[in-house]
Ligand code: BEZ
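Below sits a lone chain in structure tokens, taken as the form predicted alone.
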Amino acid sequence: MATIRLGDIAPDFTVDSSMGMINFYEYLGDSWGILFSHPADFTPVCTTELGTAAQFKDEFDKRNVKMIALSVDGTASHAEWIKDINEVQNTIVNFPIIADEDRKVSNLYDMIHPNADSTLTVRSVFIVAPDKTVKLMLTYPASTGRNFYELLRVIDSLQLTAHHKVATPANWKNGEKVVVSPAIATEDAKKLFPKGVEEIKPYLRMTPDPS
């Protein structure tokens, strides 16, 4: 079973899904991607998550992020489950759900944790950059639904810090002040960030959102 770490190249795969055969890399193209797994079809927490993901699709689209979900059941099961999701969550599932009956992708991404359940996937999240490197991994127990506001917040941080020499502090939200990279001297930072640099400690400098 594969072990994936931050910065690794996300494994490619070609699988069947609720929207037909999909190659992961081709599906992502030059976009960011978010891959999230579900223990099984017709499970209550997953139903709320997939409905919420569909409702958030416009927000992910704004950030050039393509969503793709995974469950260990087949396409026929997915089709029936999607009807329930659309009805219960008053939405339309508008992204593919991988049919991972043979656990190919689950094993490739280490989504099955035997101490939790020997056959079902945990709630894994992988955020993949356009260069196909893994930028974030989260693992939730089956009993805890994901916070999609937090996933958007993390994507905002990843995209900002990919283009500017900054980091984002605790509880940061898009548009708020950010931390200047410790590798940059304060005098250089003042030239690099014309909106101003606030030196709280020599190693802790803040600047307005440079984007």
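Don't overthink the numbering: it's just position in the shown sequence, from 1. Here the structure is a predicted model, which means the values were calculated and not measured.
The next section is about a form of this same protein that is not shown, the form predicted in complex with this ligand.
The candidate stretches are 152 to 160, 43 to 51, 26 to 34, 181 to 189, and the one lying within 4.5 Å of this ligand in the model of the complex by heavy atoms is 43 to 51. Though the partner is left out of this view, A142 does reach within 4.5 Å of this ligand in the model of the complex, counting heavy atoms only. Under a 4.5 angstroms non-hydrogen atom cutoff, this ligand in the model of the complex lacks H78 among its neighbouring residues.
Interface membership of R123, defined by any non-hydrogen atom within 4.5 Å of this ligand in the model of the complex, is confirmed.
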